[in-house]
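Here we start with a single chain on its own, the form predicted on its own, put down as structure tokens.
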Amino acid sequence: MKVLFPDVDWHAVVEALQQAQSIHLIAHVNPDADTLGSQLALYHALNTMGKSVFMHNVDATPRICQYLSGIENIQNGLQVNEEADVVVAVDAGSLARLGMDKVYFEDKKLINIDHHASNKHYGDINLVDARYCATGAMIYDLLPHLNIALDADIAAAIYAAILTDTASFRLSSVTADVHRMVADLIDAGADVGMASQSIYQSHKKERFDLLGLALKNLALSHHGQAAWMHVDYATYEQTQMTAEDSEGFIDYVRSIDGVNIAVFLREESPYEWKISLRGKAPCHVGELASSLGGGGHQYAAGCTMHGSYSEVYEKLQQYVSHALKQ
């Protein structure tokens, strides 16, 4: 097992985990497969070390990740019922992204492990490195420092993280070393077929009703350089779907020839819009998202905005115009 980045100093993280009496692993709100895969992989590793460890997230686990071993052990809600002296946040760019009242973290050592360049370095220990294709890949590199070997459960969790955060290995973050890591995961027992079926081939029929309505909203601007799609709250209610069911819709928008910035707006509650942004070189949507209070990567980012659709759209148009001119 060869680490991706041997120059990363994991000493502070390892020391804190080894000295911890009880460890709380937490994922970000509206968890995706990278944050959950990272959480689960570390959970299995720490259990192997004999640590007292539990997982508690604010929001529920999405359907596509239910196949992963240990997922049933994740607790949900604002109230944490177990005690911990160390909290490990994975794949969360800011303290607010964890969804907990900041008071909860005051008497605990907080370890922040993340691959987003926009990370706010909010932890007592911060291991943030944007070179990694996924936070799951960071857990892969951490394992040898903990003297933990890959097993099937750890490998499956990390594979789910890598598969989804690289858009099925289609992004520029995928290097030869990433493929070598994936080979290690498969050798250790990651079931590629199970991952593909659970993540990409287990959708409800109603998702496609929702997609059809979203596609009717597809529009281009800026002479075809920007593409837009949105789903409002009423449409989610009409189709009895949730924001989880529109995951991946932005890939349709991004795939249009000539589009350099893709925007997907979803109204998760009245007048509250979650904005997903995807860019193609040289358009850095990470900077765009940061200027709106969000964050992410150069070519994949997001933020939250409030108002009517027309208000949010008009404001976003200005930021997209600026990003396209840079």
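Every value quoted in this text rests on a predicted model; they were computed, and no experiment measured them. Just count from 1 along the sequence shown to find any residue number.
Although not depicted, the form predicted in complex with a small molecule is the subject of the following passage.
- Checked against the small molecule in the predicted complex, the candidates Lys274, His44, His284, His56 yield a single residue with a heavy atom inside 4.5 Å, and that residue is Lys274.
- For the residues Ala33, Ile261, Leu68, Ala301, the 4.5 Å heavy atom test against the small molecule in the predicted complex is passed only by Ala301.
- Heavy atoms within 4.5 Å of the small molecule in the predicted complex are found in exactly one of 173 to 181, 145 to 153, 91 to 99, 68 to 76, that being 91 to 99.
- Taking the partner from elsewhere, Pro62 is found to have every heavy atom lying beyond 4.5 Å of the small molecule in the predicted complex.
- The small molecule in the predicted complex comes within 4.5 Å of no heavy atom belonging to Lys109.
- Remark: Gly279 does not count among the residues lining the small molecule in the predicted complex, judged by a heavy atom distance of 4.5 Å or less.
- When contacts are judged by a 4.5 Å heavy atom cut-off, His230 does not count as touching the small molecule in the predicted complex.
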